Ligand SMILES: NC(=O)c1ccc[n+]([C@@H]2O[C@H](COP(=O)([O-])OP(=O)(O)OC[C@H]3O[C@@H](n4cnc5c(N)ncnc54)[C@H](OP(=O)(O)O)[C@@H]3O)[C@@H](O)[C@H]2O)c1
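One chain comes next, on its own, written as structure tokens: the form predicted alone.
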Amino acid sequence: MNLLIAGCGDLGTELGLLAAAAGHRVHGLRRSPELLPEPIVGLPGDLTRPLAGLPSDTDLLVYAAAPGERTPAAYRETYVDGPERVLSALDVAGARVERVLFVASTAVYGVADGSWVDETTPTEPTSTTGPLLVEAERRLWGRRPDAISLRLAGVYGPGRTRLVDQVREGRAVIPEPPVHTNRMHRDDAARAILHLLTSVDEPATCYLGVDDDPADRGEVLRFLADELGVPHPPTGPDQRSRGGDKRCRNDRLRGTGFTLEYPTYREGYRAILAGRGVRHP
């Protein structure tokens, strides 16, 4: 199968390497295609502008772009308009794309009371950018009703060490009152995408991409402090500006036969601290 990854950054590169190892031909579309490792074939393209010259033999499309800033304008350009540009360019190329997967976000949920969330929970975001993620999914499904939306929680992994750095440098604060956090290791996120693209006969239109443990943030911070051998962070008001307080279920994804390499933050962060994995450009 021929896979096109639009927005081939860190996550897309890991996906591309996995797909190529599984025998698929992979093209990665990004502004700086020369940064992509072999055997991914780099294609130059800016997803905020009209596109041309996309492969006519594309069978599978993954849209994995991320905006350069957290503003409504950037979210609209990237998430709402970007997929339209890619699909239109593939139509012009004469491609007959069999499966489309959109990398979305659990930010479509505005839950802030610590309750459980799954794919049936209403998408009622409270942030300024969340409604654009909801609009992006609806626009995509209007054009491709069979498209898959994988709503990822916070992706962490090699090179994504913001939380580790905060704890190591004494800048972390344990929220009071406590809040739940949801995450997925980058490698598991890439594996989940490839699994949904190639190993599920009749996929649903939406899945939550999270690990098995929607852990209390304070629990994660204390764990990291212990692993790093530094004092536990102090307790204080929640300093996060987004994320809410929710516990996301991964039952639907698990039900497809997918298994996690890093089922909780413990396995994932221990791998990072041990220096395992590769940071992609």
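It should be emphasised that the depicted structure is a prediction, and the values quoted were computed from it without experimental measurement. Residue numbers here begin at 1 and follow the sequence given.
Absent from the display: the form predicted together with the ligand. The rest refers to it.
No residue of the trio V80, T123 and L253 has any heavy atom within 4.5 Å of the ligand in the model of the complex. Residues with any non-hydrogen atom within 4.5 angstroms of the ligand in the model of the complex fall in just one of 198-206, 170-178, 155-163, 139-147: 155-163. This chain is displayed alone, yet in the model of the complex one of G244, G42, G45, P233 has a heavy atom within 4.5 Å of the ligand; that residue is G45.
Interface residue among L61, A64, L224, V26 relative to the ligand in the model of the complex, by the heavy atom within 4.5 Å criterion: A64. V210 falls outside the set of residues with a heavy atom inside 4.5 Å of the ligand in the model of the complex. In the model of the complex, no heavy atom of T129 sits within 4.5 Å of the ligand. The closest heavy atom approach of G16 to the ligand in the model of the complex falls outside 4.5 Å.
Contact check for A104: a non-hydrogen atom falls within 4.5 Å of the ligand in the model of the complex. Contact residues in stretch 26-43 (any heavy atom within 4.5 Å of the ligand, taken in the model of the complex) are L29, R30, R31, S32.
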